[in-house]
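Just the one chain here, the form predicted on its own, laid out as structure tokens.
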């Protein structure tokens, strides 16, 4: 739980009493490689904070083709946020690529902590804002950049993942074929 405290205190300071209260609202979960935290069609009750490991958030089109929305590593948050906030069914999957641990919390927890502790309301707002900005940047890259520019942005955002995950997954994230990624990778 100390990593959670450091993560929160990167944005706002906490007293020991505040953190003791906050940590009671999170549950630690071990996740195995290839284990799913969320399936399309599930009720979305949780959001996850990555303590360790690597995860992918993705969806499948009607032909079964996979589209990776996000990779999540340490201190990243993940869920199907549309479904989480609107209390709808999941439209994405979350799969563990590299075994690790996550902290699990609920919308009720988020709302309760935000109402009771202004510091947590501020923390959640900053995290949500940063996530929105990152998503907007990802959409802009996908819509208006070349495969080379998307690859360079990926290398900048995830420098430690180039050797750690299959090239097939990187290609899916970038929206390019495996062959195109090989050409980009060799440059």
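Everything numeric in this text was worked out from a predicted model, so none of it was measured. Positions refer to the first chain, counted from 1.
What comes next is about the form predicted in complex with a further copy of the same chain, which is not displayed.
Peer 1: For residue 158, is any heavy atom within 4.5 Å of a further copy of the same chain in the predicted bound form, or not?
Peer 2: Looking in the predicted bound form, residue contacts with a further copy of the same chain do not include residue 158, since no heavy atom lies within 4.5 Å.
Peer 1: Taking a further copy of the same chain as it sits in the predicted bound form, is residue 164 in contact with it (heavy atom to heavy atom, 4.5 Å or less)?
Peer 2: No, residue 164 stays farther than 4.5 Å from a further copy of the same chain in the predicted bound form.
Peer 1: Though only this chain appears here, would residue 169 touch a further copy of the same chain in the predicted bound form if you measure heavy atom gaps against 4.5 Å?
Peer 2: It does not: once a further copy of the same chain is placed as it appears in the predicted bound form, residue 169 has no heavy atom within 4.5 Å of it.
Peer 1: Heavy atom to heavy atom, is residue 34 within 4.5 Å of a further copy of the same chain in the predicted bound form?
Peer 2: Residue 34: no, not in contact with a further copy of the same chain in the predicted bound form.
Peer 1: Mind checking whether each of 121, 124 and 129 has a heavy atom within 4.5 Å of a further copy of the same chain in the predicted bound form?
Peer 2: Heavy-atom distance to a further copy of the same chain in the predicted bound form: all three under 4.5 Å.
Peer 1: Though the partner is not shown here, which residues of 129-159 have a heavy atom within 4.5 Å of a further copy of the same chain in the predicted bound form?
Peer 2: The stretch 129-159, when checked against a further copy of the same chain in the predicted bound form, contributes 129, 131, 132, 133, 135, 136, 137, 138, 139, 140, 142, 143, 144, 149 at the 4.5 Å heavy-atom cut-off.
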